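Just the one chain here, laid out as structure tokens, in the form predicted alone.
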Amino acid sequence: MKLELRGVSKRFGRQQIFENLSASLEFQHALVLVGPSGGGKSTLLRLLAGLIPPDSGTIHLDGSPLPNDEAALRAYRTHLGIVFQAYNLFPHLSALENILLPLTAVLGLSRSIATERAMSVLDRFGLADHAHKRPHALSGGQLQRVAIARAVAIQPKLLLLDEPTSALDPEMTAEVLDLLAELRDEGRPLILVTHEMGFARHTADMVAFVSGGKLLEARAPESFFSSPSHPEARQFLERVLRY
């Protein structure tokens, strides 16, 4: 998969996040975005998801520009699986119903076909016994697995994940990262924002370092972690890998 950013700028009020950002990133299965908090990683992911528009510039995936008008953006987003750190599950719906909703309301599948697909994904992720539980009755790891299951159930062309383990304890973090590694090994393309450097090292095809609204470095993980070329990337790794 190839991601191209061409003169992308984005501002929120007086805060300039990106200014004339250009980059070309090519990866087979997994692109991992790392860097300090507030550097622009999550904003970049939301731009890629078509959830917010750039103020100027264009974004291309595999040579095709992201659409501009809302109707085309809605169609574009039906091909994406998006997972946020806060799960974004509907609290009044069961795990199964949370997965059914985009299958029926967005993709237009019949209830029977959607249920069969949703239960298959829940079983695949070890959640079949929890299908009829509402979010309040699930653990953090189970909630995040439901969120990932919902994203995968639509059979997306690309998975976008924003800090999917930030609210989890170490055991649950390992559980979710193992699941993501499995999806990556199955050949499902994903772009992931994470602070889990071990996961980035072992799972990414390419690691992109984003800081201060700039993409300062993008390299294969073995090269990035052993000898980062940008001074800010070196300082960042020294801090996060110190202990």
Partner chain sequence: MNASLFFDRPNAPAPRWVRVLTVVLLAALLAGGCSWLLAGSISNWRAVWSYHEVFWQGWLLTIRISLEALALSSVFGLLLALARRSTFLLLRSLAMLYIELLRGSPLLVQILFFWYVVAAKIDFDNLPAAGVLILSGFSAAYLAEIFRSGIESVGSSQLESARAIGLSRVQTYRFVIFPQAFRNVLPPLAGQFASLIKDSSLLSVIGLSEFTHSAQQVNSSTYSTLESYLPLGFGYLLLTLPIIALSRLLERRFHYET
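Since we're looking at a predicted model, the values are computed, not measured. Residue numbers count along the first chain shown, from 1.
The protein also exists as the form predicted together with the partner chain; that form is not presented, and the subsequent description refers to it.
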Interface check vs the partner chain in the model of the complex: of 121, 114, 82, 146, the one with a heavy atom inside 4.5 Å is 82
Partner-free chain; cross-checking the partner chain in the model of the complex, the single residue of 167, 128, 72, 106 with a heavy atom within 4.5 Å is 106
Problem - Contact flag, residue 132 vs the partner chain in the model of the complex, heavy atom cut 4.5 Å - result: no
*Partner contact for residue 88 in the model of the complex: the partner chain, 4.5 angstroms, heavy atom*: yes
Worksheet item: Looking at the partner-bound form in the model of the complex, is residue 141 within 4.5 Å of the partner chain by any heavy atom?
Response: no
Would you check, heavy atoms only and a 4.5 Å threshold, whether residue 46 touches the partner chain in the model of the complex?
yes
Of the candidate stretches 47 to 55, 211 to 219, 33 to 41, 176 to 184, the one with residues having heavy atoms within 4.5 Å of the partner chain in the model of the complex is 47 to 55
Those residues of 149 to 185 with a non-hydrogen atom no more than 4.5 Å from the partner chain in the model of the complex are 150
